[in-house]
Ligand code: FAD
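Here's a solo chain for you in structure tokens, the form predicted alone.
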């Protein structure tokens, strides 16, 4: 099923993100994670594009496992360091395997990477155009509630986002955020600029202190005082930090839903127990 149909047909959706292993020998372990997560019946599950330079086959294998578990898969696809031929090869592979949904991303700039004139893909919208030409896939895109790290300001960031959406994006998923007011302000700006596709709110349950620095760097997000106090209080107690992180994420989602945000994406970090506890905390709310 295409995710655009899922978003249109359900009042509330909660989806999960997983990532493939760095080594093929660990693919069975990741499939075990999938088999646990599908028990919570997420609306769909996304799988990131490889890991540390691995091939796209890892992503396709995990997408197939998600589908076999009865859940719609969404495959990430990044283009910055790929040739046009490579991208089309991956698209062929996904199409042959019955994958209908792609999250089209430029991808992070690798260390010491120099953008050249010979580089075919410079921006995500170029990948969107490539995918759209096939008339097969439902296409998602990423967005930043607190401004893309490479954008000069919010106005420039929203302009680039509008350009990407107008190329044929069917839905957007935000990078993680910890302050819902940032999301509400972003949603209002999108509405003003007539970015009218569904915007899925991306939530990261922080269950250990090591996640914080990397998470902030990747998403360009800020930490509200409430969250900082939780960190200060429980940082030396792993079990308490995990529980507090799950509760904080659950409360974030409840507040979002109370304010009319019906589409939630959980960055699970391949932790079925964390995803399950959040879903348990939302059980009656989801089924309202």
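Positions refer to the first chain, counted from 1. Quantities reported herein were computed from a predicted structural model and do not represent experimental measurements.
The protein also exists as the form predicted together with the named molecule; that form is not presented, and the subsequent description refers to it.
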Note: the named molecule not shown here; in the model of the complex, the stretch from 91-99, 188-196, 141-149, 203-211 having heavy atoms within 4.5 Å of it is 141-149
For a quick test of understanding: in the model of the complex, does each of 108, 160 and 175 have a heavy atom within 4.5 Å of the named molecule? yes
Non-hydrogen atom contact residue 123 with the named molecule in the model of the complex at 4.5 angstroms: yes
Close approach of residue 48 to the named molecule in the model of the complex, 4.5 Å, heavy atom: yes
Could you confirm whether residue 167 comes within 4.5 Å of the named molecule in the model of the complex, counting heavy atoms only? no
Does residue 71 make contact with the named molecule in the model of the complex, using a 4.5 Å heavy atom cut-off? no
Stretch 251-274 - residues with a heavy atom within 4.5 Å of the named molecule in the model of the complex: 267
